[in-house]
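This document opens with one chain alone, in structure tokens, the form predicted alone.
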Amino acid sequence: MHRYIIGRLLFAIVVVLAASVLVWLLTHWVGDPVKLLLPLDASRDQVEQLRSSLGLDQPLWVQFKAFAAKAVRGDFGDSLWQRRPAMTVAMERLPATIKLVGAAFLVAVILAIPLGVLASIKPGSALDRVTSILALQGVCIPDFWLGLLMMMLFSVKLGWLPTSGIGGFNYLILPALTLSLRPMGRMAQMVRSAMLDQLGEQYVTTARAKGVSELKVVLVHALKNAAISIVTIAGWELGRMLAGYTVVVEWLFTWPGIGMLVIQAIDNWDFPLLQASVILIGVTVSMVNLFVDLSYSFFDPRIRGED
């Protein structure tokens, strides 16, 4: 078990380091922020002076060495756009994203697991076909199109919910529902598939032959043994939402999360802010994946028994 935990921790660290190197390289290849920060009629001396003050006149390996030394301490410099520490700005936006993703993930899980379980009980039935259609629609419908439709219906026509911004619970409903549909569809399909595999196993036939109730067979025996597959897809979807799915939804509903901040950082060529935001997202996703990996030991005793 200790070897398993150490291995997962090391893998999470490698992922964060790889993300750090990648985002640093990309931000240095895409363009020169000096040209954006200075007016078009700036003199050559002004350009060189600003480039020197930002450390962009140094060789790439020197720039990366300085970046790595500061990044270890969580220091990514000041935002070129907001003139404040970049990591502070990113940390201020993270709670809004976690709030949105948490609500969307909760909705997806609450809908996906019952739908998948019910569909697996009677494969090929009308309920199974309806569930499969709903899951497929959830995967195929683009987030921005669904969000616009929901905004037009519930905000413009009915006037029940606000169109954008952040505030009370009513501000969270539309973006959370929009963000939840895609992971709900994929999780429902996985729950159905995993449950069908387990319900066809010999131990289920034995339990039924012994007179165990169908409800107990499904919820206690089959669902527990299908848990690792379900937890895997749930963790994967949670990581995807944190890593990028929120960007479109936050932009559409003007939700001030870290996804919106990434877009603003790109628009303003704010390399320090973009680096801090992406790496903060990478750390958060790595923590989610680490938690999912460690949760396997709860469902599978063989993992706990590793040397």
Partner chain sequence: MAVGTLVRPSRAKSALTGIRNFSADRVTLIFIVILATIFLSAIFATWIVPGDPFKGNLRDRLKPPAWSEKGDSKFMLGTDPQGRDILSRLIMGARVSLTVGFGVVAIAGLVGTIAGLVAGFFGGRVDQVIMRILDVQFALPGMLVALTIAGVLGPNMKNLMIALSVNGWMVFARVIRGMVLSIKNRPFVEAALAVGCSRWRIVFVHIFPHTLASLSTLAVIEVARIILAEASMSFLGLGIQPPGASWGLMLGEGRMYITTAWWLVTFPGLAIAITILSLNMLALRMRSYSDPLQRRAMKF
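Because the structure is predicted, anything quoted here is derived from the model rather than measured. Residue numbers count along the first chain shown, from 1.
Keep in mind that the form predicted in complex with the partner chain is not shown, yet the notes after this line are about it.
Colleague: Find the only residue in 98, 121, 141, 107 having a heavy atom within 4.5 Å of the partner chain in the predicted complex.
Modeller: Checked against the cut-off, the match is 141.
Colleague: Of 94, 161, 136, 113, which one comes within 4.5 Å of the partner chain in the predicted complex, counting heavy atoms only?
Modeller: Contact check passes for 136.
Colleague: The chain here is shown without the partner chain. Which stretch in 206-214, 170-178, 150-158, 70-78 comes within 4.5 angstroms of it in the predicted complex, by heavy atom distance?
Modeller: In the other structure, the partner sits against 150-158.
Colleague: Decide whether residue 58 counts as a contact residue for the partner chain in the predicted complex under a heavy atom distance cut-off of 4.5 Å.
Modeller: Heavy-atom contact with the partner chain at 4.5 Å: absent for residue 58.
Colleague: Hey, in the predicted complex, is residue 11 touching the partner chain, heavy atoms inside 4.5 Å?
Modeller: Residue 11: yes, in contact with the partner chain in the predicted complex.
Colleague: Do residue 294 and the partner chain come within 4.5 Å of each other in the predicted complex, heavy atoms counted?
Modeller: Contact check for residue 294: no, nothing within 4.5 Å of the partner chain in the predicted complex.
Colleague: With heavy atoms only and a cut-off of 4.5 Å, decide whether residue 251 touches the partner chain in the predicted complex.
Modeller: Within the cut-off, so yes.
Colleague: Let me know which residues along 166-188 have a heavy atom within 4.5 Å of the partner chain in the predicted complex, or say none if there are none.
Modeller: Going through 166-188 in order - heavy atoms within 4.5 Å of the partner chain in the predicted complex - there is one hit, 182.
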